[in-house]
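Here you get one chain, nothing else, as structure tokens; it is the form predicted on its own.
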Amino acid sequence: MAEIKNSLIKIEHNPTQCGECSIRRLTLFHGVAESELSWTSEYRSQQYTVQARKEIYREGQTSEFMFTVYHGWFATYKTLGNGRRQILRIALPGDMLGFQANLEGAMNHSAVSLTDAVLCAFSRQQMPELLRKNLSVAKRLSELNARDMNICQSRLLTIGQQSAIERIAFFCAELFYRIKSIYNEKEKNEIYFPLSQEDIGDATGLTKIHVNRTLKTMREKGLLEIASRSLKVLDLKALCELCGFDPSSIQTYRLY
């Protein structure tokens, strides 16, 4: 447990204030009035930096905090009996980490940073009080959870019923649309993509060799290309049609 705590480095000077947060439209506090932000920010315990490839909490252990991703990429995952890893979700700026039904119990999954990142930490013990006192926060939490469940259910369907190329197409289309919506870069066909082929395999239920072979096929078909920590979508319409991806499944990322 000490190893995980040491991976989080407290920002001692000039932590981001909630009223100045550049990603607030994506977060738990999206619907909170400006006049109430100083009150809600009292529930944020700390702001931390974390280096790439560091665990921030581990399945089976307790965690003092839940987090909002301010900057960076994370993966939540479960470890199987044979030691293999199944990635459940990729968390991006605005997403929450560490929320579960039993806030007092041990974590039912693990989380690891995929890039250097910044996290806003909230006490798990204080979260029920915050939700009771501000209905807009409770509503927003339900929206975020519903969106994540929708994405996870759709991806589960691809893993269980679709081919390797369809699985990877869905996974990449989801992340492409999410990143484009977060940064409002609608014209570009390329995004930063820090995932390894092993990460992609752990998210789609494929071996690294199978991922490598499938990505080569997708490049030859003119669908997408992944190289040098970048994902370039060559034919977005064909990519989405191939896997049945519906962009409306990430609608809580839209500006409103």
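Don't overthink the numbering: it's just position in the shown sequence, from 1. All values reported here derive from a predicted model rather than from experimental measurement.
Form predicted in complex with another copy of the chain: not shown, discussed below.
Residue contact with another copy of the chain in the predicted bound form: residue 143 places a heavy atom within 4.5 Å of it.
Heavy atoms of residue 155 reach within 4.5 Å of another copy of the chain in the predicted bound form, making it an interface residue.
Proximity of residue 225 to another copy of the chain in the predicted bound form falls outside the 4.5 Å heavy atom cutoff.
A residue is said to contact a partner when one of its heavy atoms sits within 4.5 Å of a partner heavy atom; residue 162 meets this definition for another copy of the chain in the predicted bound form. Checking 176-184, 100-108, 117-125, 67-75 against another copy of the chain in the predicted bound form, the stretch whose residues place heavy atoms within 4.5 Å of it is 100-108. By the 4.5 Å heavy atom rule, the three marked residues 86, 132 and 149 all count as contacting another copy of the chain in the predicted bound form.
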